[in-house]
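Just the one chain here, the form predicted on its own, laid out as structure tokens.
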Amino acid sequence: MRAYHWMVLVLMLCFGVPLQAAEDPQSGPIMVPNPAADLWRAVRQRGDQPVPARSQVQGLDSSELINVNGQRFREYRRERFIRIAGYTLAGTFLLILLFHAIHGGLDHERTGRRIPRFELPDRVAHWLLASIFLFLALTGLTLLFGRFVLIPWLGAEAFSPIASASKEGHNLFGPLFIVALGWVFLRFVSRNLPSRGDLVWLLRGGGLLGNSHPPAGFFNAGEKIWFWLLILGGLALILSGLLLDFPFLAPSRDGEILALVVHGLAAILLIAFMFGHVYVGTIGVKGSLDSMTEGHVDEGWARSHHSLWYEEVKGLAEPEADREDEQLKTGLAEEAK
């Protein structure tokens, strides 16, 4: 045994192992570098100094092997955006139902006499944009909620062709949305410019606050707000959609992520406001749908909801500037009371 002990002591001295290492309370664990961790850190290009990289693939951020922001966006989309989008759309729909249950739809005295309101090109432009927007909304919502709503119901195999068709249809109909939105803008922009009479309409809540419907021209303030939301939101959809369809136009991968965020937010907001537009244009204000299906409205509808325009059509109107000033003063005085 004594020979064995001497042999162990000689080996420890030869390989430089300290004799008191186990008894030294100040010594810590031996840190052994992990080549795999260092390699992974370099692949993800983390740290103060980016790792120089070169790739034979030429394209957007082709020298960046892993985009950390892409993973962050994926988590944000699945854990937050989809939930918020669902609550927004469902909440808007329920609020409209609750409002209708409490207040009901606005009606008017029917005279049987008709007034022309929208020409055929106006109606074609409206329904073309409405059809394309509805198709894009359905396909977009299918892609957004399909994993959580349709797959548990239909199964992954049945959902796969639906998702593929929705993606291709969404991309193909996107350019048509550009044409339809531009046509609607040209046909309606001149009648959707702000006027001083809009303030009275807003102060009285479009007739919800008070005993009578506030005066309005061809379009009231609510319709004008919806028009400009549609144009600006549609423009955001178009620009972000082009970056997604043609990624080489984006300055970086982070630019594409921003385009995805803008595209999703603009789409959800426009769909929510579309619920309100459809409600007002059908059962919310009875008789409104006739203007976009037949091109004519009842005189009672025009007199109740667009009195200033009705007076112009019947030749009873005063000069526009004087009439708006008078209506503004009257509306402000009623609000002051």
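These numbers come from a predicted model, not from an experiment. Counting begins at 1, following the sequence as shown.
Another form exists, predicted in complex with a small molecule; not displayed. Remarks below refer to it.
The stretch in contact with the small molecule in the predicted complex, judged by heavy atoms within 4.5 Å, is 218 to 226, chosen from 87 to 95, 108 to 116, 218 to 226, 246 to 254. Taking A156, L172, V261, L134 one by one, only a single residue has any non-hydrogen atom within 4.5 Å of the small molecule in the predicted complex, and it is L134. The partner is absent here, but in the predicted complex a heavy atom of W127, alone among F145, W127, F99, Y76, sits within 4.5 Å of the small molecule. For the three residues G197, S304 and Y310, a heavy atom within 4.5 Å of the small molecule turns up in the predicted complex in no case. By the criterion of a heavy atom within 4.5 Å, V184 is counted among the residues contacting the small molecule in the predicted complex. Among heavy atoms of N69, none comes within 4.5 Å of the small molecule in the predicted complex. Contact check for F188: a heavy atom falls within 4.5 Å of the small molecule in the predicted complex.
In the predicted complex, at least one heavy atom of M274 sits within 4.5 Å of the small molecule.
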